[in-house]
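What follows is a single chain, given as structure tokens, in the form predicted alone.
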């Protein structure tokens, strides 16, 4: 009976995170995490945790950007109006086709022509758009629909605008537009749904009630958006980003900046102003970008999340396989000037040319800007020209904006010969896509060997994967978001970055977003998944949330001893402090299948509260979240007692844990 009571008591202690004094075996101590709160070993950058996105996986169009109509300006295919179909009924007939002979303007040349040969009030033919894998319909919701249209003489004067079920049997909301003319005009209506079960089995429809010819362009449908911004962003995705408490947005990120050809680089100047002036451009992941989410929208996106933009400027190089390059010298100078114009748009007051343009676009106040990145992944450049190109941009930007911190896209993870030598970058951008095991194994020592004299490090893209590298097509057979196995690797990597916050000033996971529908993604793993109606965070999303929410401003001296010998330590850690709040955050990553008892000793504090907040993300390493099970693995917050300057805590198997300690 006494032995049974002993084990019952032990189980109760473990369930609370408490642990009795035990040893691993003869002469082998339980791991000890010794914290010296009197010694700050590094200050954490206020921009430590941020976001990187690019137009991949339908991150913007069909993702964050609120537009629900796909191929709204009829440029996605030069031969047919993809994602559009003709709608008929008994007694009605019509055909549709692309038309280049009746352009809306020089930016939007093709339009959709609807030729109606039979129609009536009871039988209205028209055109339908299937959206991005469906039009999401919610109850009691206002949608803003707009389009440009004109009609041939004697053609229909009325258009019915509706959201309908795919077969047309149910009309969820509709409105009518009258007085079409023979000249292009813009029409805007509000569609309001009533009570209904949410569905994405819906389409957006424009119908007419008389024979004749009608032309359409820039056909748009927006749901409510974050902060009610016109041309704004999807609410649930913005909420998930906001919940990460990001401090910066790298924009425009990744390959979207340089494009698969120089002509297809991010054309920031043509992404400004009214949508009718934006031609869009070919993306580099197999689909066209509308550029509805343009430079100003990027900046406002950051502003809405109380984050700073980290601006990336095109630096004269485009992606493989073409790897087009403009050498340093006179040919590159127009692109240097374009970067200076872009910086002026972001930061200039209204007396400047591009600051005045920003004000005219609706944002008189300049945006904060600390960091500018010159190019993206220029280590791919086989010509070795980046040193000269970086130097030309560096000199011009520093001359006009000496306080800006300039980032080289070639970091220390690249061979020495590829790095910049003619100038000393303020920061270098390093990218890491590694297996979870690599992150767990490399994290403890990766950054310790770096020269502390600089430059500083921006880990601008990183992500752990389980077994298959992201660029292997076989990864397409795996779930679009990572499993808990990867989240553990990500957490070990973040712990390493925090411990080395004296040289690492920023970091961001990539890619951030993925449309999980068939054909919606080009890369795996991704942080946040969604379809037209739903969204979810992966285990890695919640791992990042634990680090971005609980880090404070200082890294404390700490050492974890007593671990078993081996190439892969079972535990990793980071200890930081929020000086203003008087909180110490102890983060521990347990990558093993066994509970791990750790003794914590805390020196250098006058007192410590006897209760702590414990936030734990734990689960089977092979499992993940999904559209159908969005919160399968999420953090759990509990309270525990028995905290003192020396106490034991049991860390759950396959877990990421934050202990929030109140200390003076």
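Residue numbers count along the first chain shown, from 1. Computed from a predicted structure; not experimentally measured.
Missing here is the form predicted together with alpha-L-arabinofuranose; even so, the following discussion is about that form.
Against alpha-L-arabinofuranose in the predicted complex, the set 56, 433 and 461 is in full contact: each member has a heavy atom within 4.5 Å.
The stretch among 349-357, 509-517, 263-271, 211-219 whose residues place heavy atoms within 4.5 Å of alpha-L-arabinofuranose in the predicted complex is 509-517. When alpha-L-arabinofuranose is considered in the predicted complex, residue 290 lies well away from it, no heavy atom lying within 4.5 Å. Contact annotation: residue 523 falls within 4.5 Å of alpha-L-arabinofuranose in the predicted complex, judged by heavy atom distances. Not displayed here, alpha-L-arabinofuranose is approached by residue 255 to within 4.5 Å at the level of heavy atoms in the predicted complex. In the predicted complex, alpha-L-arabinofuranose stays beyond 4.5 Å of every heavy atom belonging to residue 184. 377 is the sole member of 303, 377, 338, 157 with a non-hydrogen atom lying within 4.5 angstroms of alpha-L-arabinofuranose in the predicted complex. Distance criterion of 4.5 Å from any heavy atom to alpha-L-arabinofuranose in the predicted complex singles out 285 from the list 550, 148, 285, 133.
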